[in-house]
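Just one chain follows, in the form predicted on its own, and it is written as structure tokens.
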Amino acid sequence: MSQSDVTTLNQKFAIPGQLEFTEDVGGLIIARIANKQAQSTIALQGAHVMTFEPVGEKPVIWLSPAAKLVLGKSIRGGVPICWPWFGAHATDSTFPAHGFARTVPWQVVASEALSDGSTRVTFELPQSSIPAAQWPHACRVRNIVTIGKEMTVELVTENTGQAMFEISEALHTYFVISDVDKIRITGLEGCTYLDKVGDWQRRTQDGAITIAAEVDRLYVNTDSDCLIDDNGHKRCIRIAKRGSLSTVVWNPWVEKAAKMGDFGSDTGYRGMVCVESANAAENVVKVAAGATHSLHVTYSIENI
């Protein structure tokens, strides 16, 4: 994209006092929202929410200080969109992990100042950004982001073709926490999960989740709200979802974070945790011809 693209975006979609578009030094186009309720930045590459900070609150969404904001590269932190598959591709290991949607350009197709003071931006995945060899299906994909006291992200997949297709997906959301030692995650008690760290063994969650080592778990058959109870920040982050039957909890811990190289300091992993609203494993989604599937998540703060 170029400065002319930024100018056109501002002419068509900017909202005075709420929404403007700028170009980052790495060439990424960024939607910047600052209304009376919250601030947020969203990269058009991947329709990727990078930050969300309600007024008077600490940031909710974690973006690594070492994140590489580079065209064609995934961004460490924020809300990456994993679509149309989650994890490794089922049949072709040469295809990118978590799909292609998070590293390709999306288009802004609508913006709106809502009556409650929040700001909504709708992104669409253009046909030119969909590699036909990886995804030969006719579809329309949108990401609808609403920023206010709460943040809502809605990933909508519409099958515009003549045959059913199958997707797995996730909103791979990174959250700001005070320290991994001071949080617990509730809402998944008694749920079955696949333990990636434990050779994908199937286990049952006993009580709240606490983190004291690498955690990478895919919880299945659950549509429950999750809460990150953060005693250090004296708050809960509520993750309320619809159209999702899987939840992923991830923290890379020491060695894996160091190998990734874009977590910032040696202790960067301690200030984040991922709680991802997903459809994966036995919860993959079949989207019939002419049908639409919506993965809808609301993120909010509750004091404790």
Ligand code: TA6
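Just so it is clear, the model here is predicted, and its values are computed rather than measured. Start at 1 and count along the sequence shown; that's the residue number.
There is another form of this protein, the form predicted together with ligand TA6, and it is not shown here; the text below is about that form.
Peer 1: Any idea which of 231-239, 64-72, 51-59, 246-254 reaches within 4.5 Å of ligand TA6 in the model of the complex, heavy atoms considered?
Peer 2: Heavy-atom contact with the partner occurs in 246-254.
Peer 1: Within 4.5 Å, heavy atoms only: does W135 come near ligand TA6 in the model of the complex?
Peer 2: Heavy-atom contact with ligand TA6 at 4.5 Å: absent for W135.
Peer 1: Just to confirm, Y193 within 4.5 Å of ligand TA6 in the model of the complex by heavy atoms?
Peer 2: Because no heavy atom of Y193 falls inside 4.5 Å of ligand TA6 in the model of the complex, the answer is no.
Peer 1: Just checking whether W85 would be counted as a contact of ligand TA6 in the model of the complex - the rule being heavy atoms within 4.5 angstroms.
Peer 2: No, no contact at 4.5 Å.
Peer 1: Does the 4.5 Å heavy atom contact test between Y219 and ligand TA6 in the model of the complex come out positive?
Peer 2: No, Y219 is distant from the partner.
Peer 1: In the model of the complex, which residues of 164-180 put a heavy atom within 4.5 Å of ligand TA6?
Peer 2: Contacts from 164-180: H172, Y174.
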